[in-house]
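The form predicted on its own is given below as one chain in structure tokens.
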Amino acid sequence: MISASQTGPASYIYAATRMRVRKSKLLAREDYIRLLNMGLPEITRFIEETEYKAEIDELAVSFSGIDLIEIGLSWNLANEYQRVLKILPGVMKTFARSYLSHWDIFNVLTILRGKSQGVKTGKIKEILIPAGTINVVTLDRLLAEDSPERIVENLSSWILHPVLEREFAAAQESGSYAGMENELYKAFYRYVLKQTVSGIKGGKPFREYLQLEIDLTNIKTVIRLYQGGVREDVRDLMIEGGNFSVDELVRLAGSESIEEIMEGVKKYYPSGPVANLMEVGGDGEFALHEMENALTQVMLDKMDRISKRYPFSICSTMVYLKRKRYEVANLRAIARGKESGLSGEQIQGYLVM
């Protein structure tokens, strides 16, 4: 067997092949349709018979029902990401580790929000996904702090700490971490994009993937702002580095109709789920989750094509990591929907399949 720690073409081929095998084990559309017709106990048993078995079995002594499913899924996601990192060689590992650091932002903000709202430490910990560069020991230390100020101080070695420190006072004053969150993600993408500069092996396909993700994030923001009635200049909310320029995004945000926004999206993504959504919803009435799911599917489909174009690059890993994340999101949506008494048809509209 080839060691993933080796350098040279063989280790990259090995790692890419392992990622494709992992992707083949993800749930298929037919599995989700079956789950939509099950009750919560049946869903739990189904999940326990899949790749989530180890986490579900370990947690079953302490949790049950929806809590068991949600925490088991979170644990599995974090564990799987760490297993993937161990497989990857060289620059593939560097790219993946940098990309997965977006979970650091999620974890830090979850802790800050939880502490600010008086949520119990145990409940906050259940939500965390320790898949980034901030390890479990550090997260536990942050959870033990009594104030948001002390949490920020204890993150002085974090690469995004300067942004966190700069935005913290305004977040505390406004009572909202939304502005800080936006600035952290903008800084994150700047940091990761810098690693794709010309000459770095695998940099071009990785950059193409990142541009897709930036586009998806920006367009979702534009759509949410439109639906929220926000029409002023939204330049500061846009992430630079995608296919759409910030000026284009600002123009889209000022659109008079949702159809105008979707037509603008079709400039770069002329076919597939977005175009299909436009045809089906001819009256211009689209639910937010329908538009977001269509955009997400566009991104996933295009990621697959990039991965086929660069079969032994980081792209096979990125495709798997992203699809794994959406599998967990789908399973959560199904479990929560069933817990809330929603019909299978209602839940299906929120799934990315």
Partner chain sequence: MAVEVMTVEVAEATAKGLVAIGAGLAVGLTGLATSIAQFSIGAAAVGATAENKDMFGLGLLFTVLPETIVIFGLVVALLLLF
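Positions refer to the first chain, counted from 1. Note that the structure is a prediction, hence the values are computed from the model and not measured.
Beyond what is shown, the protein has a form predicted in complex with the partner chain; the following relates to that form.
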Inset, instruction - Go through 22 to 30, 298 to 306, 52 to 60, 321 to 329 and give me the stretch that gets within 4.5 Å of the partner chain in the predicted bound form, heavy atoms only. - result: 22 to 30
Legend entry - Heavy atom of Arg336 within 4.5 Å of the partner chain in the predicted bound form: no
Inset, instruction - Report whether the minimum heavy atom distance between Thr17 and the partner chain in the predicted bound form is within 4.5 Å. - result: yes
Inset, instruction - Considering only heavy atoms, tell me if Leu100 and the partner chain come within 4.5 Å of each other in the predicted bound form. - result: no
Inset, instruction - Give a yes/no on whether Ile87 approaches the partner chain to within 4.5 Å in the predicted bound form, heavy atoms considered. - result: yes
